[in-house]
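Next up: just one chain, as structure tokens, the form predicted on its own.
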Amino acid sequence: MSLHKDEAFVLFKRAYGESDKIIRLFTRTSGKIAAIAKGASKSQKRFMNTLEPFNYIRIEYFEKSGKGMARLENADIIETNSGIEASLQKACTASFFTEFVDRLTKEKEPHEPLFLALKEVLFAVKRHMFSYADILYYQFLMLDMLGYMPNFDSCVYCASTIPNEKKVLFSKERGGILCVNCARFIPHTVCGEGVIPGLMSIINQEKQFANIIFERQAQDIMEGFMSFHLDVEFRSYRLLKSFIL
């Protein structure tokens, strides 16, 4: 059994027995880990207020060789989640991105860029309310890091270049846009003109959406894509939608 030291964000916690807690953490060097914090509900010295969701903490944990739950030995606050609890919308936004990382990563697969992206998100949520464009930007950033980015550049079937004004045909099954010829035999959704270029502008941080109609069509595109390719329904997103759209 070896001792590890790391930085981590708390993704999830739940009570286990009378005094223990089960924690899922996303660490800087080891990726996602599950750990048990013995006596966490009673300990005032080691774990007081440190294991709350969204907290940025410094941890020490023991890990057995092979698979199994780690044993959290110590945890110290680097930065609390203070500010996120200021509104339900902020809490829902933070919950969506921690759930996003939790559901789309496997245990013990290091991914420091994703860790830094999550850090950027959670720190930004403390400072301001996220618009739907903000949420989309970080969602795209993380999808790209995880290898799930939809293709908005060229036809996903024949690879032909499509001018922006003709980027209106999107196939969730193929994971990107289609040219007119390929769309004749591939299932697709017809988007409003400017919606796909609008998504591309969000990726490049160039501008916000033109209006709420664009936002709703963009939402439909992304929800269909995520549902088909990732087979994941994010519980936190259902409530978040009531704030952002």
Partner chain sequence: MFYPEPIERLIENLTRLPGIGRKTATRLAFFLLNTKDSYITELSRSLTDVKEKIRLCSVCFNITDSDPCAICRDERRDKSVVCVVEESSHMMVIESSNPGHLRYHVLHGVINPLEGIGPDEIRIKELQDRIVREGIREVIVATNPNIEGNTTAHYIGEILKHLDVTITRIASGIPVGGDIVYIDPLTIKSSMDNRKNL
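Just so it is clear, the structure is predicted and the values come from calculations on it, not from any experiment. Residue numbers count along the first chain shown, from 1.
FYI, the form predicted in complex with the partner chain isn't displayed, but the following is about it.
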Is Ala86 near the partner chain? Define near as a heavy atom within 4.5 Å, in the model of the complex. yes
Just to confirm, Thr105 within 4.5 Å of the partner chain in the model of the complex by heavy atoms? no
May I ask you to state whether Cys92 is within 4.5 Å of the partner chain in the model of the complex, using heavy atom distances? yes
Taking 4.5 angstroms as the cut-off for heavy atoms, does Lys5 touch the partner chain in the model of the complex? no
The partner chain isn't shown here, but in the model of the complex, which of 51 to 59, 215 to 223, 192 to 200, 25 to 33 has heavy atoms within 4.5 Å of it? 51 to 59
With the partner chain left out of view, which of Glu120, Asp144, Glu99, Glu73 would have a heavy atom within 4.5 Å of it in the model of the complex? Glu99
Interface residues of 4 to 21 toward the partner chain, as seen in the model of the complex [heavy atoms, 4.5 Å]: Leu11, Phe12, Lys13, Arg14
